[in-house]
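Next up: a single chain in structure tokens, the form predicted on its own.
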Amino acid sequence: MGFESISAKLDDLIQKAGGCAVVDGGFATQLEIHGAAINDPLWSALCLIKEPHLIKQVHMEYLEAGADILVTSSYQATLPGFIARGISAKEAELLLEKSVNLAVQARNKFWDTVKDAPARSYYRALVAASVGSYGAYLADGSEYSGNYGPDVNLEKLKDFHRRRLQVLVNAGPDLIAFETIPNKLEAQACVELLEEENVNIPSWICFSSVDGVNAPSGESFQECLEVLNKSDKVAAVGINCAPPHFVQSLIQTFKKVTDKVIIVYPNSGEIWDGIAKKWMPSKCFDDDNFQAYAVRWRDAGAKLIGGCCRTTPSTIRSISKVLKEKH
């Protein structure tokens, strides 16, 4: 299957949305608003076990806010993570499948209610199965440093991601979303896995950034994107969970080194206080700011725009409104 046929579904959505489609926002943030307790190594994936109805509710809220793409609740859902909690390998795989099924069910239910509405501004949303980085599984902050230590090589990273990728693909999402990748090595592992597993649905690979210039590892994005540019399996590349004020210059950097679709979904700009164990308020970004910056990001060349940690459906509603007001 050629690149054009693999990426056609994503390209079609972008075209229907007028050239820039909307990704959903912070998932764990919204779960907590609804009372979920996720201060746990499994993070939002804990709700797959305890409160799956909340996951479906949050998906619906983002669809109602105008999201064109739902990202599943599998970011922190890893087989080793579940097994460490005493869950069998088979049960763990079923939970991964559930993360896709809940998003698909929400999407289909929502679509049934709006597809015949006059003058609708909605399109049949796509479901992207989230694959968090190895650092996210470690829960030691290394997705924001890229420092996995000398014992982590390409084969170890591929072995870590392989079975989760297989299970998620078999569950039937429209896309695969590799998120908060911190270094070139893990990006290469993702690309090689897509080839080895012959994944024939489009994928995006998003990096984080802590300085607004390079990947967390210190490697340049030109280095990191070299391996991605060679892959027909990767339809989009970009940035997630970085401060929003980094995004415009990073889009400009990416535009210089890749022809792939560019996706950005930054966090709110709030800072996590590790001592007080709470988020410190952002001094510069609220929904109105996000709305204004979303236009700049689109005009700079991003074709997929959403939010990450600490953004909410109201953030996505403000982005959707301004990006779709002419369409």
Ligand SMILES: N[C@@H](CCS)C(=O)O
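Counting begins at 1, following the sequence as shown. Please read all numbers here as calculations on a predicted model, not as lab measurements.
If you look for the form predicted in complex with this ligand, you will not find it shown, but the lines that follow are about it.
Among 188 to 196, 172 to 180, 84 to 92, 146 to 154, which stretch sits within 4.5 Å of this ligand in the model of the complex, heavy atoms only? Flagged stretch: 172 to 180.
Just to confirm, Trp297 within 4.5 Å of this ligand in the model of the complex by heavy atoms? So Trp297 does not count as contacting this ligand.
Is Ile14 part of the interface with this ligand in the model of the complex - any heavy atom within 4.5 Å? Ile14 lies outside the contact set for this ligand.
Indicate whether this ligand has at least one heavy atom within 4.5 Å of a heavy atom of Leu304 in the model of the complex. No, Leu304 stays farther than 4.5 Å from this ligand in the model of the complex.
Any chance Pro266 has a heavy atom within 4.5 Å of this ligand in the model of the complex? Heavy-atom contact with this ligand at 4.5 Å: absent for Pro266.
Exactly one residue in Leu126, Cys241, Val167, Val100 has a non-hydrogen atom within 4.5 Å of this ligand in the model of the complex; which is it? Filtering the options by heavy-atom distance leaves Cys241.
Exactly one residue in Leu48, Val261, Ala28, Ala65 has a non-hydrogen atom within 4.5 Å of this ligand in the model of the complex; which is it? Contact check passes for Ala28.
For this ligand, considered in the model of the complex: do all three of Phe221, Phe246 and Ile251 come within 4.5 Å of it, counting heavy atoms only? No, the candidate spot makes no contact with this ligand.
Going by heavy atoms, what in 307 to 323 lies within 4.5 angstroms of this ligand in the model of the complex? The stretch touches the partner through Cys308, Cys309.
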